[in-house]
Each structure stands twice: as C-alpha cells, then as structure tokens.
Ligand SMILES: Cc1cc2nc3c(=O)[nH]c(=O)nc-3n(C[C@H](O)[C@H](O)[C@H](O)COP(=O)(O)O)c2cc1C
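Below sits a lone chain in structure tokens, taken as the form predicted alone.
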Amino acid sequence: MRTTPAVREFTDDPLPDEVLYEILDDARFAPNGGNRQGWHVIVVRDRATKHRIAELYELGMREYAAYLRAGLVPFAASEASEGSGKSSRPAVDLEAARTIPSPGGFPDYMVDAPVLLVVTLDLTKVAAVDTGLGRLPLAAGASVYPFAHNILLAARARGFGGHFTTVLSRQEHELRTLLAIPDEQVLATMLPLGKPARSVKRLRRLAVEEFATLETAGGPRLTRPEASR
C-alpha cells in the first residue's frame, strides 16, 4: 500500500494472460455491497482499439485542462448534482476546450501498454443508498473501487503497475459504442497495466494528523501515541 504508485511509463515487457488472470483472481476478493460483485472487466489488447481509447482519453484531458487553466477544480463534485444550488452549466467552454491540444500531448503510453482494463459497474446490481440527499451520490462506487485498487495491488506484487483514470468518462458514449458496453453498465475506471519503466519506493501523502479527527469533524487531530514514536 505504501509503494504502489500511479504508473504511466512502461517497458516493452509483455503482461502474459496467465499473470493477468492471477491479478484478477486476487482482486476479485474485494469487499462490495451485498457481495453482488457488479463489476465487469473488458481486457483490451488490440492496438487499434487502444489507440481509439487513447484518443477519447485525450479529449477528456483537454476539457480537464481547460478547468486548470481557469484556476478551477476540474468538474468539481460540489457542483455536479441537483440541489447544490449552483449552475449545472460547465464553468468553462468545453466545446472550445476540445479544439485545444492536451498539454500532456497524445497519451502514447496507453497505446503501448500491454493491456488496458476497462472496468464497468452494473447499476442493476449495486445499491446507491445515498440517493436523494441533494448531493452527488457516492455510495455505489464502494462496490467497485476497492476491486479496482486490488488490481493495482495485485499487479504490484507481480512486478507490474498502472493507474486509475476516470477522465475517459467524458467520452463514455463513444466508449460504449466502441466496446459494445450494455446500457446497464457504466464506466467506473480504466487501468493501463504493464511493467513500470522505473521503480518508485516512496509516495507523498498527507500525514494522518492532516485528515483524521476525534469524535467530530472539527475535533482534535488523531496523533501517533508517544510510546510508538
């Protein structure tokens, strides 16, 4: 957990089917609501299909970058649902953004990665118990993202790596057509997987004291007991 980075640079080493099977075989034991296991994984190895997915990803990144250029949080979740009291219109001109090249350039690494895993969630199998609260529902994600993270952990254990991307959701309609995704399934995330080009041994994250409080949201910070220091 401390040494599983987001990997976007891969070597030319293959990711054999038998290793990929082992990764998914471990990942499937993730917790999920009602043990309904509503996830589905589309394994994409075809280079032409990977290239098209990379094109769709780049379109999403252009929109994402437009928010950053405007000094905004891209697609801020606080403004993404009815009841937020804010305009549902995009804060930037997304049509104009799609004509501007992505600042990161075309994501060739997605085409060159041995495999892209497109993870979808069957909405008929999961519960969204926080529906109707006047905010963005999040609970359904608890039935798929632990599984997706297990994929990264299992890959790391075997010398492989990758990263989540949800930016592809901006082009979900096109992706649905490309991969013949049925209506009841929606994109949860996509993971390029391969052998990392470099090793990362330390990740930067906030200290526990920065995000954990006692008893209430504004309570005293949780700190490491003196005896453990």
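Quick caveat: nothing in here was measured; it's all calculated off a predicted structure. Sequential numbering from 1, following the sequence displayed.
Just so it is clear, the following notes concern the form predicted together with this ligand, a form of the same protein that is not shown.
- Heavy atoms within 4.5 Å of this ligand in the predicted bound form are found in one stretch of 178 to 186, 162 to 170, 31 to 39, 45 to 53, which is 162 to 170.
- Contact check for A6: a heavy atom falls within 4.5 Å of this ligand in the predicted bound form.
- This ligand in the predicted bound form is approached by K201, whose closest heavy atom lies within 4.5 angstroms of it.
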